[in-house]
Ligand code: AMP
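In structure tokens, the next block holds one chain alone, the form predicted alone.
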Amino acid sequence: MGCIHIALAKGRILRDMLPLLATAGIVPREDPATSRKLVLDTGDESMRLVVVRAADVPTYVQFGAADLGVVGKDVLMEHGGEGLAEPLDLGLARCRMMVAEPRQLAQQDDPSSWRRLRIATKYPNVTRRHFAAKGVQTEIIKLYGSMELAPLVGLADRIVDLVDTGGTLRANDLVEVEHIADISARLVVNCAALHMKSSRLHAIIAQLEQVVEK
């Protein structure tokens, strides 16, 4: 029948997901926080966990290296979601994707008047689609971290980034000015696997759904 592989993003999602998986009877035999292994056996011999970077989870699932995956909606939006089904919002790692700009600029700014923007972000695809739908031209500068620095040094006028408490924005005198999407961890499934391993995958999805709804 073959083993079911579940790809999990390192970091917060992995930490938050382990108790959820345990409630569904999926428990790794080694602690992912201390193990150097990237493929972890579980108490159920028919299931393994695959620990990868968040940005790689959709790719592993899309190409069948993993049957299931757990990753933030932001990553799925940037990836495009080709070949993936998204059956469940797990409600973990909630935050929001926002456009932010310096407080001084925001005091005299009107988002409805935007025509051309220079934006720093690690989500170029999402940003481009969002502003194209509004008829706003964008020059996008891709960064991999510390988005808040870009407006401070003149690299970009605005940023698109994830916001949780907003503390980092406030510390750098930036404010949220436009909402793009609400973000949380999602369960994704390889579409081909969903047909070939239908009963097993649907059983796992149903177990997780029961846990999430409690």
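Given the structure is predicted, the values throughout are model-derived calculations rather than measurements. Start at 1 and count along the sequence shown; that's the residue number.
There is another form of this protein, the form predicted together with the named molecule, and it is not shown here; the text below is about that form.
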| query | finding |
| --- | --- |
| Contact at E148, L162 and T165 by the named molecule in the model of the complex, all three, heavy atom at most 4.5 Å | yes |
| Stretch in contact in the model of the complex with the named molecule, which is absent here, among 92-100, 106-114, 78-86, 125-133 (heavy atoms within 4.5 Å) | 92-100 |
| is_contact(K10, the named molecule) in the model of the complex, heavy atom dist at most 4.5 Å | no |
